[in-house]
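Quick setup: one chain, the form predicted on its own, written in structure tokens, and binding and motion questions come after.
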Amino acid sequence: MPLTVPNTAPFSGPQKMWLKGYLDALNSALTPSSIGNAVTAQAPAVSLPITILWGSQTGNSEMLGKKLSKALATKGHSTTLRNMADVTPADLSATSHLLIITSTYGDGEPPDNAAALHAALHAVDAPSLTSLSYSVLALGDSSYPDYCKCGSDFDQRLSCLGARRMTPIVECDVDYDKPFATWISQVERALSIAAA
């Protein structure tokens, strides 16, 4: 019911005119159609299901995965954060959007929790992943010659299995905050295009 100024209100003529104008503006802002339009404008176009995998020896990739999951959830996407140790290539066959955050351990090897998935994807019987879109964030330490090799391995192997890159791989040295923020921005743009 619209708000009005009663005829018996104890205001002078100019005061009633001002109050009527104010209430008219308030009433038009509160109409159901304008409320519906405001809600529609804030909602994301499409919520995409996104799987985030982390491979880590020290916990940095898991921590960044949690940050990424929260950032994408605020954009309206449905995110699932998983330890690589709990994932098989068959799981990836049923995934549409995949984001990988992994470190490299020792002389270019995958971290312990990523080793089984890394090996399974590189096996001759690895499944085709043509329905998968993905992006990789690789963590490392440039004092080692193969400092982002594990991330690069995943990036190249997924492409060989038919998956499509949403964004180019981003390699991070020990100070990963800035490249991580850049990667999130690239991923958000790619997902926005995919959801349109």
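Numbering starts at 1 and runs along the sequence shown. A quick note: this is a predicted structure, and the numbers were derived from the prediction, not measured.
Omitted from view is the form predicted in complex with a small molecule, to which the following refers.
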**Contact segment among 65 to 73, 123 to 131, 162 to 170, 136 to 144, judged by heavy atoms lying within 4.5 Å of the small molecule in the model of the complex** = 136 to 144
**Asked** Within 4.5 Å of the small molecule in the model of the complex, heavy atoms considered, which of 50, 148, 158, 53?
**Response** 148
**Request:** May I ask you to state whether residue 57 is within 4.5 Å of the small molecule in the model of the complex, using heavy atom distances?
**Result:** yes
